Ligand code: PFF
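Only one chain comes next, encoded as C-alpha cells, the form predicted on its own.
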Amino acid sequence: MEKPTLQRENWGSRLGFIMAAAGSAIGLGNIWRFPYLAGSNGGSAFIIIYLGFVFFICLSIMLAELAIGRRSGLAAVGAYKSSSDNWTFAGVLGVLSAFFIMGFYPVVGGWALAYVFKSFTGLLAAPAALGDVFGGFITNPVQPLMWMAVFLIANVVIVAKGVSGGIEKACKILMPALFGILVIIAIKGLTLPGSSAGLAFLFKPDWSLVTGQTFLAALGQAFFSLSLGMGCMITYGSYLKKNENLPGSAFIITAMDTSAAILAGLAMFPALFAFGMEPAAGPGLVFVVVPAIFAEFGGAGVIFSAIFFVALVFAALTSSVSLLEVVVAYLMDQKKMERKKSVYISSAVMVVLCVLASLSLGVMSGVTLLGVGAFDFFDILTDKIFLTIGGLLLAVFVGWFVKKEDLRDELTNGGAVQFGLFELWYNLIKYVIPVAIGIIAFMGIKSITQTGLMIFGLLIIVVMAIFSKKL
C-alpha cells in the first residue's frame, strides 16, 4: 500500500523566510570563527578573499540551491532525485553533512547556554582562572550533556511546530535580537581606549600570511557560514511560494550573514586589544578571552557577558534548527513520515552523536578514529570535505544537468521578475565555480594532516554514489 503524500508546508511571509534563511546562515561560525580566521590570515587580506568567495561563488550557489529546492518542492535528496536517480547521492551527502554537524553543534550551543547562567554565578570573579574553568567544564562527563540536552530540546520544540508556526516565528524574534546585541557590544568595545589596535588586527591587510590554506579556510568559512553544501538552502527553498524573488532574497541573506560576521569581529577585537589580551582560536576566544574582557568592565561586565552569550545561543539555535530540518524534511519527503515523528527519530540519533562528541573532550579523549576524537572527526569531515564537495556537486548538477531555460524560468518567476545577471550567473555556475572550487579544494585538502580522515570522507562519498538509489 502506498504511503499517503503529505501536504507541503510554506513560509508565511517573505520576511519570515529571509529571517529563517539568514538565521540558518548566521551561526557559531560568524561569532567566533570568522573574526579569528580573519585576524590570523592576514586581516583584511583574508576578508577580501572571503568576500570574493561569498559574492562570486557562494551567492551563486545559494541562488542555485534555492532554485532547485523551489523547482522540485522537495528537500535535498528529493530535489536531486526528481531530475535523476544518478544524482541522489549528492542530496544524501547534504543530509549526511547536516546530520554530522548536528553531532557536535548542539554541544557548543549547550556551552553557550551554560555560560549565560555562569555569567551571573561568579564566572568573571577570577579572570586568571577562566581557562581552567572552561577546561574543567567541557571535560566534565555530565554538565555539558545536561546543557546540550536543553539546547537540543529547544530545537525539537521549534522544528516540531513546523515551518511557519515554529521555525519562522522563532527566527523573526531571534534574528533582530541577535543583531541588536552585537551592535550594543561592538559600540561598547569601540569606545574603549586602545581599541584601534583591534581594528588594525582585523582589517589591516597582511598579504604575507596568505597561503593556499588561507584560500581553503576562506572558502570553507564561506560555505559553513552560509549553510551551503549541507542541504539547508535547498530545504528552505522547497517551502517557498512561486512568486518569491529568489535573486533578491539570496542577496539579502548573504549581506546579512556577512554583516553579522563583521559585527562579531567588531564586538570582540577592539575590546580584546584595548585590554592588552592575546587573541585565541575557536572556543578559547569565546569562552575564555571574551569573558576576560567583560571582567574588565567592572560591575557591568556581568550583564555584557550574559548578553553576549545570549547572542551566541541565538546564533547557534537559528542554525541548528535549519540543520535538524534538513534531516526531518528528508524523512518526510522520502519516507513519508509525519513531522513530529521525523523530529523525534532524528533528534534521538543526534543525541548519541552529541554524547560521543562531548565525552571525546574528556573521559573518552583517548578514544580516537583516524587520529582524532569524535568532536573533531565530525567537524573536519564536514567543514573540510563534505561541504566543499557538496557545493562542487551542486554547481555541476545545476550547470550541466538542469536545462538552462528551466533555470531562467525559475529565477525570473516565468518572466515576472527581472534578473539581468542571469547569463553571468549561469556561466559562473556552469564553468567557473566548479573549476574554482576544485582547485581551491585540492590546494587546501592536500595540506590536511589527517590524511586518513580525508580518504575516509571521500570513500563515504563513493559508497553513497553506489548505493544511494536505494535511499
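Predicted model only: the values in this text are computed from it and were never measured. Start at 1 with the first residue shown and count on from there.
Although not depicted, the form predicted together with the named molecule is the subject of the following passage.
Between the options 305, 88, 319, 342, the residue in contact with the named molecule in the predicted complex by a heavy atom within 4.5 angstroms is 319.
Only one of 69, 35, 42, 29 lies close to the named molecule in the predicted complex, with a heavy atom inside 4.5 Å, and it is 29. The putative spot formed by 60, 250 and 253 is not touched by the named molecule in the predicted complex; no residue has a non-hydrogen atom within 4.5 angstroms of it. Among heavy atoms of residue 225, some come within 4.5 Å of the named molecule in the predicted complex. Interface membership of residue 25, defined by any non-hydrogen atom within 4.5 Å of the named molecule in the predicted complex, is confirmed.
The shortest heavy atom separation between residue 105 and the named molecule in the predicted complex is within 4.5 Å. Residue 232 belongs to the set of residues with a heavy atom inside 4.5 Å of the named molecule in the predicted complex. Of the candidate stretches 176-184, 262-270, 328-336, 217-225, only 217-225 contains residues with a heavy atom within 4.5 Å of the named molecule in the predicted complex.
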